[in-house]
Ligand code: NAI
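Below sits a lone chain in structure tokens, taken as the form predicted alone.
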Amino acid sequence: MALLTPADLIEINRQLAISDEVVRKSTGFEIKGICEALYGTKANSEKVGIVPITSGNGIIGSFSESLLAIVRYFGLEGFITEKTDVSGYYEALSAGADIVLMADDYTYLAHNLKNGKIANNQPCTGIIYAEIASRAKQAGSKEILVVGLGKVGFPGAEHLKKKGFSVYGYDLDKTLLQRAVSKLRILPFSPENPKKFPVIFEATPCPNTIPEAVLEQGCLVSTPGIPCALSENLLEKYAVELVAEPLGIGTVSMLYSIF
């Protein structure tokens, strides 16, 4: 989670509400409803304990508070432990947490203490953003461009392939692109020979990764990437429906995957 900064988490509830509205407009479902359909689970009064972790680069300002806001936004009970690290984990258990959320520089996980299930943020984020893309009204053509094929993009591309989409993939890292082409049988995309797409799933930590040449008017871009892959100018010029939020959508995906 080292890529996140306190600035990314400002007004997390507002960011979630905006994304929820775009998702509802484009798919007919709220984010929560898509998670229920994707995982076949429902919330059942689970209590979520959030444990601050100090290892590595330390605690990101507002991270734990943002997680608590996210948990409550989706109708769950949550609390932040007063202690950190192992002591915080013990405190969460002692306080009756059903699920524990915690993150260091490399791993953000959710652990359901009742059934033993564990979720990692990276694949869960890729899968939910890909699922949102797959449900968009624009996805009728069954062609989707995936930009970024790493720890978030690869699981998302795999999910789209399983749903029967014709997936075009692009990554500046040729090794990651070749792995996805070989393992998933996706179609390699070349910016030198562009085509337009009605739906794009982007999963990179870089700005301006989506070239103008691939944008259809009114297309949907589903991206957890920070910073945003599109400039304000391109967003406005092509009337892009943008689903982009730094933490909440991936977090609720994690939770519903372990209910």
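When you see a residue number, it is the position in the sequence shown, counting from 1. From a predicted model like this one, the values you see are computed outputs, not experimental measurements.
Although it is not shown, the form predicted in complex with the ligand is what the next lines describe.
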Mark Gln138 yes when one of its heavy atoms lies within 4.5 Å of a heavy atom of the ligand in the model of the complex, and no otherwise. no
Is Thr209 close enough to the ligand in the model of the complex to count, meaning some heavy atom within 4.5 Å? yes
Contact flag, Ile127 vs the ligand in the model of the complex, heavy atom cut 4.5 Å: no
4.5 Å heavy atom contact, Asn112 and the ligand in the model of the complex: no
Looking in the model of the complex, is the ligand within 4.5 Å of a heavy atom from each of Leu176, Ala203 and Gly225? yes
Residue within 4.5 Å of the ligand in the model of the complex by heavy atom, from Leu145, Ile186, Val152, Ala97, is Val152
Only one of 130 to 138, 87 to 95, 73 to 81, 163 to 171 has heavy atoms within 4.5 Å of the ligand in the model of the complex; I'd like to know which. 163 to 171
Mind listing which residues of 230 to 259 have a heavy atom within 4.5 Å of the ligand in the model of the complex? Glu245, Pro246, Leu247, Gly250
